[in-house]
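So this first bit is one chain, no partners, the form predicted on its own, shown in structure tokens.
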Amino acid sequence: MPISKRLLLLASLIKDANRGVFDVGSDHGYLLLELYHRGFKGNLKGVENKVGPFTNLTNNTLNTPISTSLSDGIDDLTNNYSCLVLAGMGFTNIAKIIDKNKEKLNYIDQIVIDAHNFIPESRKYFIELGFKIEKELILKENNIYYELISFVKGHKDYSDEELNYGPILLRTKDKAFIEKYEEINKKLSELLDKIDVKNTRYNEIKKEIERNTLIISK
């Protein structure tokens, strides 16, 4: 099965880490296999917490140096890994995984995420943990928009606008970024037509449309 564009872009964000990549929710292991076939030099480990996905992961990575673990989150994370990947899950799950073993971030120099919701909250969360945004990519695949973010250790201050839209995405404003907020505005406008102007939600939606319009037109 050919690797998705989303996973290819995730792979492009990962540095050739000194120690290795720890991929939580590795699913079929396609990301790690891509890194292996690219000649990645560090350790590679995939983690799943359910037997079915774990079986798929182990079967797909047979006869490779990729190691696997049937465990929860970063329970098995050691100093053999310096890059943590948290992709294909919601922000609540990501935060739950980190909060359980927050001290293990001492091993980590880079975190790559693909949060499927609450993306501004995701940015704020990792920034408060002592990371800064290194790279951001956005793409549309199978009618879904994905924002991929690479964090590295360090400090940087961000405005509310940067946390909401992404500091790098705001600078690049590529086609997928513009299309995402055009689609959001279209849905919000349709919703606005169904709400009474006296409803407090009416003004909130109107302001959001205006803010999105200003962002993509700058």
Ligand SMILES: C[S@@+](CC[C@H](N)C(=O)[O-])C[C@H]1O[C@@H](n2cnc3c(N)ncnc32)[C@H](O)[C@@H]1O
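Residue indices: 1-based, along the sequence shown. Predicted, not measured: the structure shown is a model, and the values here were computed from it.
Not pictured, yet referred to below: the form predicted in complex with the named molecule.
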Open item on the list: So in the model of the complex, is the named molecule close enough to residue 95 to count as touching (4.5 Å, heavy atoms)?
Closed with: no
TODO: Spell out, yes or no, whether the shortest heavy atom distance between residue 27 and the named molecule in the model of the complex is within 4.5 Å.
DONE: yes
Open item on the list: Is it the case that residue 149, even though its partner is missing from this view, gets within 4.5 Å of the named molecule in the model of the complex, heavy atoms only?
Closed with: no
Task: residue 89 within 4.5 Å of the named molecule in the model of the complex, heavy atoms - done: yes
- [ ] Given that the partner is absent here, state which listed stretch (103-111, 119-127, 70-78, 134-142) has heavy atoms within 4.5 Å of the named molecule in the model of the complex.
- [x] 70-78
- [ ] Consider the chain as shown here, without its partner, and state which of 55, 49, 64, 164 has a heavy atom within 4.5 Å of the named molecule in the model of the complex.
- [x] 49
